[in-house]
Structures are given as C-alpha cells and as structure tokens.
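Following this are structure 1 and structure 2, which are two forms of one protein chain, each written alone as structure tokens.
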Structure 1
C-alpha cells in the first residue's frame, strides 16, 4: 500500500479494508486496531482513522474497548443485499435498454465474448472481473444516478460469494448463459424482458450464494 497517492489515500485505504473484510482476510470477530493497520498497510493513522469511520457507517465493523471488531457480512445481510438487488437491478436493465448507445452496446458485447474466452481458459479470476464489469456496465448505462449509486456498493459486498459461485462450474455456465440472454434482450430493445431476465438472474445467484454460505460460512 506504500504506492498510494496522498490525494486519495483515505479512499484507497477504505476500499482495501472493505474488500479484505468482505472476502474474509479479516474474519468476523477479529479486532482491528489503528496500530495494527498502520503496520500492515504502511500508511499513517489519519487515512486509517477515516477508513475505519466509514467502515463503521457501512456496518462492516463496530467500535469496542479493544478496537474495531469485524462484523463482515452475515447470512441475513446477504439475503437483504440480494433481495434489494432483485428489486432494483431490473430497473437498471430496463433503463439501460432504453438509453444504451451503440458504443455501450459494443462494450457489453465484448464483455460477453470475453466471458466465453475466459470460460474456455478456466480463468476464474478473469471471469469474476467480467461478472463485475457486466453488472456495473448495466448500472452505468442505465444513466440513473440513484440506481447506480445504490447498486454499486451492494454488488461489491457480495464479491466473496460471487467468487464461490464462479468456482462452481454448473453455476458458472448458467450465469454466463443468463448474461447472454440479458445482453440479447438489451440489444433487441426488449426492456421488459431484460428487466425480467436480470431479476431472475439475481434470484438464481441469491439462492446459490445462500446455499454456499451455509456450506462454507
């Protein structure tokens, strides 16, 4: 973390700690102290203090006498996150279909083609990145700021369980097929269908994530 630029250091520390908590680098119940994080990340106390404040607002940590206790993502959190995504992501796909430009359509096409390429290569990390890009692209293409700002952090908070899903070959194949169907509906201008398909896609992902949560924790 010593390569961080001072101008955005607090944001970068926050994003690093948020990601590490979500994926389990810092498990639920672990106590984080400013001193420990200074040593681990190689930055001063000021950006760490700001990052911890934001993490507490996100309910990923809680203050205690010993330091900041990691709360992480519980199964109830995961259910709530995915159900909120189900409710809103259909709107994102609907508006994306209505507002998409030729360049944005080409971007979605390329993401789908890269998914096929990385699936053949069994490159799980690249596939996770393409999954991120597909969903975030739809949020942005919707050109609805509130929808985009609501969905982005929720999508980040499921990354640990999306990685587990992508590690399941059957779910991975189904997810890629679902992405293709969503893309086809968007490219054909079928806004209602795109909304329905992405809502079902999130339902399928939710069910698989919850199953994996109970299995892996």
Structure 2
C-alpha cells in the first residue's frame, strides 16, 4: 500500500510563490498583498501568511507597511551566490564522495545518462532539471545537514539564470562533460579531486553567467 503524504496548503503556497519569484513571474518591485494572493490562489490568509514569512526569511520579498515587495534575485545576488557556491560546494562533493552508498551512486549515474539523453533531444527544460538533480543529489549524499540547507536554496535561486545559460550550446556541452568528470571522481572515491572539479565547474558556470548577464564596460 502506498503512503500518500498530503502536503499542507502553506507548503504548496510557499513552493509556488518561491518558484514564481525566482523565475520572474512576479518581477522585482511588484507588491503582493495577502488579499490579492487569497483571490489568485484560492486559499485563506493563514497559509499565505506562513508562506510569506518564509519568503521574507529568504529575502525573496521584503515586508513593507502595505504589502510585500518582491525582491527576487538580481545579477549582483547571482554573483554572490556563485562565489559562495564556489567556496563551499567542494565541501559537499568531498563529503559526498566519502559517504556515498551504492544506491546513491547508481542514482547519480542515472542522472548523468539522462543528461546525455536530453542533450541529444535538446530538451533544455529537462536538462535544467537534471542539473538541479545532480547538484542537489550531491548536497544530500554528503549527509551534512548544514551544508545541504545552505546550498539547496542558493542553487534554487540561480534557476532563472541557469535556464538561460543552458541555452548556450558550448557551455551546455562543457557543463555536461564537467558533471561526468565529477561523477567519475566520486565513483572512484577520489574526494579531493571531486572537490576540485566541482569548484572549477562552479567557477566556469559563474564566469559564463557574468559574461552573459553582467554588463561590462
């Protein structure tokens, strides 16, 4: 018998709003009032308020006297996020290599194969999902709660920019190759190498994003 875990409305509202803000459905500066959200989402203020408080804690919105102002992720935020990831994602890869189980290794292998598959089909949206799964899998496999809790939201917040970055075929091909190299290092138990490779991978992604999104001169 399968277990159906019912997700609370508050959680659903949070996930929807977080995603919508990150990808830009609600642009920076827009004011969200509880009443409007009640109408749009069809739930009462209670779960909406709980979601808003969490978004506020993530600095995706700011509370003002009247309504919540959407902040979203600016290019400056993006650069900071990538610098932070560059500094600590190596830690995650290191611990993941040390703590990975055979099942988890298999899962990571599958993600890599799916990447190849979707690359053939040029399915950008799925490829972004695979990027999500690859990185988040490493966070979780590390079994370090604090590292996981720190990196996961940061990675989610880059979604909008990653989606565009993947559009560059050269960068996409490089990224997939880098994932493979990281996977190989992890599967061979080379923790230091995995750490170095993922750090370089993030730096490459960062540089590509800066080149693409940050006006220069």
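Note that this is a predicted model, so its numbers are computed, not measured. Take the two forms, find the largest set of C-alpha atoms that superpose within 1.5 Å, and that set is the rigid core. Residue numbers count along the first chain shown, from 1.
Two forms of the same chain are shown on their own. Structure 2 is the form predicted together with the DNA. Core-aligned CA deviation for residue 177 between structure 1 and structure 2: less than 2 Å. The two forms line up on their rigid core, and residue 64 then has its Cα shifted by 2.3 Å between structure 1 and structure 2.
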